[in-house]
Structure formats: structure tokens, C-alpha cells
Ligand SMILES: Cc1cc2nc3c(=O)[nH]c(=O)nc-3n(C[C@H](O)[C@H](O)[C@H](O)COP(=O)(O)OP(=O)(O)OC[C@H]3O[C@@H](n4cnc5c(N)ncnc54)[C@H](O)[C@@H]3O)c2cc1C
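In the block that follows, a single chain appears as C-alpha cells, in the form predicted alone.
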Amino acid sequence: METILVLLHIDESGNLPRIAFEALGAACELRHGGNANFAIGIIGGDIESAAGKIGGCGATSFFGVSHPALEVSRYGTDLAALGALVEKVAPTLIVAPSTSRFARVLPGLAVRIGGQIDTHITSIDPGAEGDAVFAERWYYRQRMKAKFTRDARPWILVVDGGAFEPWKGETGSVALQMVSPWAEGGPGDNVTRTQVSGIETGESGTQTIRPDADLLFVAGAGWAKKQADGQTHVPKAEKLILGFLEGAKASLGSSKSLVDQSSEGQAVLTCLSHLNQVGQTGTTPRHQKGLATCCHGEEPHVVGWRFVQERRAVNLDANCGWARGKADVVYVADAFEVVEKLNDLLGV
């Protein structure tokens, strides 16, 4: 029988990030396969409230490392805290969310505890009691899927966001057992040599990339091409798109052809960069819904939509790639008119 430990951390607001609930959902799937031993480990500054929000998950025990030094992400302190939790629980399987904080420290944790680690996990097959646990992940720009298992223990499984159903249950008080990885007085200079003085973000104008948004809005090259009157209307296109993003609280994606136009000397949307690119040479987002506009739905672009659960498209070409089985619904219409109408309905 496996012993499962779910490692979580709180964010800057003192709450668990959304992907933490997805990692918890993945662990619950493992437990339903006959693996009954199930513990939660949380690190951060003040973790009592966060622990209570998952009090009804069915874990047999809750452990935490709480210290002001853990209010910010620092490799040395995070590694010491996670190592103490693993030593306390002695798990065989460790499930953790793929956050930027954990992505930095979990490989080092695997080395410290003599275990194995696999990242970008999108599915877990717990099997029946006594059977091997199998995990799945994608390779080569999400074109190849592998299902594998490991004999080595502890085995760290870092799950990707959007791949598992988030755990939803009742809150409740928990008996949170505190673990201290440091001697009395807190961490010494050997783990706090890195001083976090603050966070500085680049000047990028309007925030358009929202990983936690339910809807992904993708703009194609058609927005910057000549319209029915023979003229381009890039400023109007940008105003419509930004208005929809604000009204729908959506995230903005782009086709490669649109973001590449900047290098060709053509007018483009100033709110776009290659960071917004979705597809084989871009990103593979995991939003609940996706709306493609003015892009043709060709395979190099569509591969980036593999994990978007509901896909719709707006295109004037009734025979575009989206219409050939790559979208759930295709609206044969002018995207300018459609988005303008949507903005009216959203009150933008």
C-alpha cells in the first residue's frame, strides 16, 4: 500500500492557488485506487486558514511548516521545509502542483530524499490495490503521450494545471501538526543567504495573459488584414479585443501568423507578443473554454488547444480547419461584428 503526501504552499495573499486544489483532486484519485494512507503538507507564513479550506478532503493527517521566512519563495528555506515534511510522513508517492515556486525546489527535494521526480503529469492511473501506479504526460509539443510507472520510491509527481478536476468539498477545522526543520530560533544564515527584497515586473501595458481564466480568446491574422471596405482597422480591432478581455475576464492568445507580422513591418496589435502565441511553437494552455477568431484552425495552431475542453471559432470561411472537426461550434461571421455585439452584451 502506498503512502501519499500532497505538498502545497500558500500564495502571496495567504490562500492556496487554484492548481493546489487540482493537485489535491489528483491525490484523491490515487486514494480511490486502494491507497488509503493520505497526508497533507503545507508550507508558508500563516497556513492555518488555508488548511481549514481543505479540511474535508479526507486526509488522515495534516502537517505544516509555518514561518515568516516562508512567506516568500526562497530555495533554501523551501527545500528545508519540504524535506522536513517528507521526513515526518515517509511517503512513497508525493503529489505536488506545478507552480513556479515548486518547480524551482522539487528537483532538489528529489535529490535530497533519494527519490525520482516526473513533471507535467496530466493523468494518474492508481490501479487496483496492490497494482502499479501509472502516470501520463505529453512530449514533443504535446504531440506524443507516454504512460509509464516507476519502481523507485519516493516518487514525486508534479501535476500540470487544467489536467485534473479540482477538489471541491467542505471546509472544516483540522488538527494541524506543526513541523520545524530548524533549531529553535528559526532558519540560520545557511538557508537565508538569499534575501528577497521585492518583486519587480516588466512594463508590459495591459495584462492579457491570465492562466486562471475560464476562457481563452485567440486572435488570428485576420484582425490585421484588409476588411470589406478595403482598409485595415487595427486600432478598432485592438479596442474590441481588449474590451472583450476586460468584460469576459478572458486570457488572450494569438496565432503565430499574427505575432510574426511585427517582424514583417505590418501593423499589429500592440497588446500582443510572442508570449501570447498558442500552438506547436507556442504554448499549450488549459482553459475550460476557447474562442478562436480570424484564424484558420490549421494543425500547428490547433495542437496548442489540445487541453481546452470546449472550442468555438469565428471565421468567414465555412471550410476552414476549425469547420473540419477541430471545433465544437463554428460561427461563419465577421469577427468584428461578433465581438462588437459581445461587448454590447457584456456592457463594455
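For every residue, the number given is its place in the sequence shown, counted from 1. Think of the rigid core as the biggest set of C-alphas that the two forms share within 1.5 Å after superposition. Everything numeric in this text was worked out from a predicted model, so none of it was measured.
Same protein, other form: the form predicted together with this ligand, not shown, and the subject of what follows.
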| item | value |
| --- | --- |
| This ligand in the model of the complex reached by all of 86, 116 and 166, non-hydrogen atom within 4.5 Å | no |
| Residue contact check: residue 277 to this ligand in the model of the complex, 4.5 Å heavy atom | yes |
| is_contact(residue 329, this ligand) in the model of the complex, heavy atom dist at most 4.5 Å | no |
| Touches this ligand in the model of the complex: residue 222 (any heavy atom, 4.5 Å) | yes |
| Any non-hydrogen atom of residue 257 within 4.5 angstroms of this ligand in the model of the complex | yes |
| Contact residue in the model of the complex, from 291, 43, 27, 295 (heavy atom within 4.5 Å of this ligand) | 295 |
| Neighbours of this ligand in the model of the complex among 334 to 348 [non-hydrogen atom within 4.5 angstroms] | 334, 335, 336 |
| Rigid core superposition, residue 100 Cα moves 2 angstroms or more between this form and the one not shown | no |
| Displaced residue check between this form and the one not shown: residue 24, CA, 2 Å or over, core reference | no |
| Residue 43 C-alpha shift between this form and the one not shown of 2 Å or more, rigid core reference | no |
